[in-house]
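Before any questions on binding or motion, here is one chain by itself as structure tokens, the form predicted alone.
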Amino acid sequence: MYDIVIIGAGASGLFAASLLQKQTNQKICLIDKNPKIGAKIKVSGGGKCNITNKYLSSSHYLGDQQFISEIFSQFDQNSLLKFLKSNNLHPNFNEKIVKGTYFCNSSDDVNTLFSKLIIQCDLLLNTDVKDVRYENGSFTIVTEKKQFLSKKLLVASGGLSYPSLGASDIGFRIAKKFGHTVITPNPALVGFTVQKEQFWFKELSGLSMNVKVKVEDKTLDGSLLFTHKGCSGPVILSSSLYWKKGLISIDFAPTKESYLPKRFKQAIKDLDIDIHNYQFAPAGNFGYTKAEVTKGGVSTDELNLNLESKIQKDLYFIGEVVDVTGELGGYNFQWAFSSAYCATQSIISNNLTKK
């Protein structure tokens, strides 16, 4: 019997395990489908892990703004940077791609750090969770190899993006099994495919421009990259978070200093378009294989501010599996760490009270 089982060895699961190991004497098990911890951390930020953002605010997230703000009031970007520096990891402030972003020297440094911090936890890799039951006051975690019993369960299994890295819907299935509402998952931080009227985008494949994009009630600035499928780049990835099915508007020359490349001017010379307000409806997006995150997930209406289920005691959901998704630029890693912190502090506090 474990005191705590954590499903998922990504950012939220690893941070939760490290905090629990340090501050409790409880028996902890960390289960992951991958052969190594932090598979998604490793590929993030071009291998340098864009770990947080200087301008952290709930306004950069899709989800319940009040709920998100409450979580960040307990553990924000400064708290995370302090934790990392106390463990001799010093992220660099680098705004080249997205304003306010902090990058590590290498994603491997993050995984190495957590490898050391979770050394006393039972780590079960290459282990696929098939089902979870609750009976007689404990959770039964069913894997393809064996079953485990636990008093508490933290679901940190992530979303459906990056299927090549072992993405799974197990977190959503567990939530539904215990009566939770799961907001329909969709790919996010992903490029757009285009309609026939925008096929001229494809002629400009490889070209990038600094633009302003309006989508729903959001206005975003950044680099747009034309691709053979449509468009991508930082500003489009963040726009995909908010896009539903309507029009988006692009200002290709948002400042007086804006430079219009020759290729761009050549492509539009015979088109009747307003470069300051070019409106179009994307055909769709590039899908989960290209999406950096999954939006949607376990409804925050059914979680308390410790990320514990209001329906099932001792069941927690943290990280990407929850219906909170950030823009590009370290925001999703920060959510992973902040949500893990809030969940673990509740467990640690209860453990100390029982003593």
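Numbers for residues come from their place in the sequence shown, where the first is 1. For clarity, every value in this text was computed on a predicted model and none was experimentally measured.
Only in words, not in the display: the form predicted together with a small molecule, which the text now covers.
Look at the candidate spot formed by G45, A156 and S168 and say whether the small molecule comes within 4.5 Å of a heavy atom in all three of them in the predicted complex.
-> So, yes: the whole triplet contacts the small molecule.
Of I250, A175, I118, V129, which one comes within 4.5 Å of the small molecule in the predicted complex, counting heavy atoms only?
-> Flagged contact: V129.
Does the small molecule come within 4.5 Å of any heavy atom of V293 in the predicted complex?
-> Yes - in the predicted complex, heavy atoms of V293 and the small molecule come within 4.5 Å of each other.
Mark I31 yes when one of its heavy atoms lies within 4.5 Å of a heavy atom of the small molecule in the predicted complex, and no otherwise.
-> Yes, I31 is a contact residue.
Looking in the predicted complex, any heavy atom of A16 within 4.5 Å of the small molecule?
-> Looking in the predicted complex, residue contacts with the small molecule do not include A16, since no heavy atom lies within 4.5 Å.
Would you please decide whether H60 lies within 4.5 angstroms of the small molecule in the predicted complex, comparing each non-hydrogen atom pair?
-> Contact check for H60: no, nothing within 4.5 Å of the small molecule in the predicted complex.
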